[in-house]
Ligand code: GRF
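Below sits a lone chain in structure tokens, taken as the form predicted on its own.
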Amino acid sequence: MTDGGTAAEFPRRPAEAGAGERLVSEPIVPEAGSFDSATMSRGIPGVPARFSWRGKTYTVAALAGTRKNLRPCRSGSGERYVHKHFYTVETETGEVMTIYRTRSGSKKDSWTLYSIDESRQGATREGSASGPGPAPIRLAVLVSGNGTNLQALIDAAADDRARENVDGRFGIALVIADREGCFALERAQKAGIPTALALPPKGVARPEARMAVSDRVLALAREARADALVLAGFLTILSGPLIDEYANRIVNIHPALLPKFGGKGMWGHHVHEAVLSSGDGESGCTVHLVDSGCDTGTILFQRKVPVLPGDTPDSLAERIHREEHAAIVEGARELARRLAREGDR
């Protein structure tokens, strides 16, 4: 699991534990290979997916928060640098631990278990850290671009952690992109969410490239123990075993009112240009289940907007985007509700 941290400093001095926390301050040993090397290559320290402490191995189930501790440079310039990265993690066995990495500027950086929050012991297994209710489903969110729909999901998941008995809880276990450098990855890293890449191989036919991306997504989703997948502006058409293994557990959001203006080539401005050329008086977005076709899965719900005189593809897109942000969250909640009803988890 990896994490991009936040700009805020850790709110307490390292010698102080909060209410309900037991100060430990003992070294831990991250498991080799449990970091996302692609993220770390960009200079962002990761969170170990597994680590050992006192002879026991712990597996991280969720990242509950992240902070940084800054120290002034010794040069007297007045600038500050990151000294420690703190992460509050929830383990598969229910512990809520705060761990930190001390940066030494070399390969000798060390990891420490700072504290265990005994007041939240078992929170992951019982629901959320904030109170009772069904445990949130674990989502893998697939992205290709700017990530405004991803941000809506991030904000909703954070809101869930602060509330009790939310209908359709979800958390984001992993964000997967099919291209490098998309801003959605930065959004995930800033929120402390693990990221990974599923890049199409070069020099192969499109069907083979799509299958390779799909197989990579499947492997990553399995590793992250994702209950379901949400396509938030993901441009690769998925295929193969992924569709079967996650049948009825993948949702996509499409920027038009399906079944109209869907299928291959209907993405982004192409969709809005087609709507305007058709003379239709309304458009919107559709949340649907993903099957082996392209925009052919069962429609869950739609949100509509009017097409106004003088609309351009950009103005229509902006109006639809506002609806998409609410729709993508509702799509994730609907997945959570379905899995709860069907007992698939």
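Residue numbers run from 1 along the displayed sequence. The structure presented is a predicted model; accordingly, all values stated were derived computationally and were not measured.
The discussion below concerns the form predicted in complex with this ligand, not included here.
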Tell me, yes or no, whether I253 is in contact with this ligand in the model of the complex, where a contact means a heavy atom of each within 4.5 Å. yes
Residue-level contact is defined here as any heavy atom of the residue lying within 4.5 Å of this ligand in the model of the complex; does R333 satisfy this criterion? no
Taking this ligand as it sits in the model of the complex, is H321 in contact with it (heavy atom to heavy atom, 4.5 Å or less)? yes
Just to confirm, G233 within 4.5 Å of this ligand in the model of the complex by heavy atoms? yes
Contact residue in the model of the complex, chosen from G145, G240, P200, G94 - any heavy atom within 4.5 Å of this ligand: G145
Within 4.5 Å of this ligand in the model of the complex, heavy atom basis, the matching stretch of 225 to 233, 209 to 217, 172 to 180, 109 to 117 is 225 to 233
